[in-house]
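Taking the form predicted on its own, here's one chain by itself in structure tokens.
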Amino acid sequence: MKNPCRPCLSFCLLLCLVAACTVRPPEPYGAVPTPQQLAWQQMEMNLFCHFGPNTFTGAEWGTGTEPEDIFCPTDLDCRQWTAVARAAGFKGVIITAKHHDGFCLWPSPESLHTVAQSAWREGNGDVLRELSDACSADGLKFGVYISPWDRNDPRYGTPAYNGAFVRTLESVLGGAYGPVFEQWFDGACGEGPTGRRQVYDWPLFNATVHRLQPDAVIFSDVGPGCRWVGNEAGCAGRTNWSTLEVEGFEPGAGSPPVEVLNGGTPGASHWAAAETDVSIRPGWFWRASETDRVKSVRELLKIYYESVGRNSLLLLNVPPDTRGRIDAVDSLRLLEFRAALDDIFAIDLASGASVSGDSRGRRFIPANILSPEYDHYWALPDGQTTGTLMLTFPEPRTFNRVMLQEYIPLGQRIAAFHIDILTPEGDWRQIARETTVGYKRIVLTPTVTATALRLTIDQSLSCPTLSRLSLFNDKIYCEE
């Protein structure tokens, strides 16, 4: 006689199997990045190029009274810039299309203080055209810095200027130079040629960028796309949230306090990850007198760890010289920096480990943290905000860098964690205690040898996620 319960039992088993395979991901927590903001942060390092009349005068801030003919690069080669950037691992280039002196590196129809009024290339030159073409040819993204402060335009300080500045933006962002991945807004607001200051219409400026370049990430003290890190020393906060409270603030004098810019605001309603801008030289514009003061590889590694390694994007300024080329000293240093990064991060010492710990279900298992695919991540059940992951190695591993990555499309969650290792002698030892993770956190530890590693998440704003845990050994930059 057939068992009448067997079909029912089989159906129940099928339901259980389907349920196990369809475990839902966590709901997004708080503010989350747009696809454009995520792609921007995944670039990790971009090149900043300060270039203009100041390159030839030696000033940091021009007066706006410089004659147009002062801008006269003798051998401009933007393909050299992009070749160096690509070889050094940078993904995009941002050019100071218009600095505070008001001089435009393109023939702006809104100004009489541009390359069109200079003798350079008989008034037919266009740096933006050459750089955007070079970026396209070398597979890099093109971005622009356009300062609203203008020490040359006689309309500055009057109601007419905001409209003029919008038309300035339109001449660059309207499609003539192709896609722009980042619009960099400096909040500086000084006096113009008439001695007056301008009241900037930031909502209008931002709306213009969004209208013309909807995929562009807008940088300023308060975003809306990404925020200033609060210093020019190359150092993001050791605690660094990508969320920021922006209500009541604006770029420039009305920006949030420096400590807020440096560390963000946990649980805030706006996503604006930090961008760390710093120069490879003491100044922002090229000067021959500073060529022997280009930052060393060790200094650049420190900046990398304190920017990219602290949930920020690194925007490294490398200014072209009076020829219109990146100086040989700077380019060589960038290639040395790239070689050091390649050496440090060539071998993931977590590879081959067995991973254990609680999880949300089959799609979100602990082993996902060893996957190179960012969308494969570990997650805990809803309501569980603490947890532990254990990596056990097949043989002892020696390392001094622990890299962690949250799955930020669902928001930034982890607020505190610590790391312990099991020594070959069988003793557990704590090697790090930190706070935030975000897109990428590189924890610098003493050089240790371990047979196992234990990551404990002590506090999280919601159930934590983790896309990656990797281990590396840096023999170049070591701080014991």
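Source: prediction; values computed, not measured. The first residue of the shown sequence is 1; numbering continues from there.
Just so you know, the form predicted in complex with a small molecule exists too; it's not on screen, but the next bit is about it.
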- Task: Indicate whether the small molecule has at least one heavy atom within 4.5 Å of a heavy atom of W61 in the model of the complex.
- Result: yes
- Query: Counting only non-hydrogen atoms and a 4.5 angstroms cut-off, does D375 reach the small molecule in the model of the complex?
  - Reply: no
- Task: Mark D330 yes when one of its heavy atoms lies within 4.5 Å of a heavy atom of the small molecule in the model of the complex, and no otherwise.
- Result: no
- According to a 4.5 angstroms non-hydrogen atom cut-off, is F48 in contact with the small molecule in the model of the complex? yes
- Identify, from the list F205, F181, F364, Y145, the residue with a heavy atom within 4.5 Å of the small molecule in the model of the complex. Y145
- Task: Only one of A188, A339, L349, L370 comes within 4.5 Å of the small molecule in the model of the complex by heavy atoms, so just point that one out.
- Result: A188
- Query: Is it the case that E406, F417 and R454 all touch the small molecule in the model of the complex, with a non-hydrogen atom of each within 4.5 angstroms?
  - Reply: no
- Just one of 48-56, 408-416, 433-441, 28-36 has heavy atoms within 4.5 Å of the small molecule in the model of the complex; which? 48-56
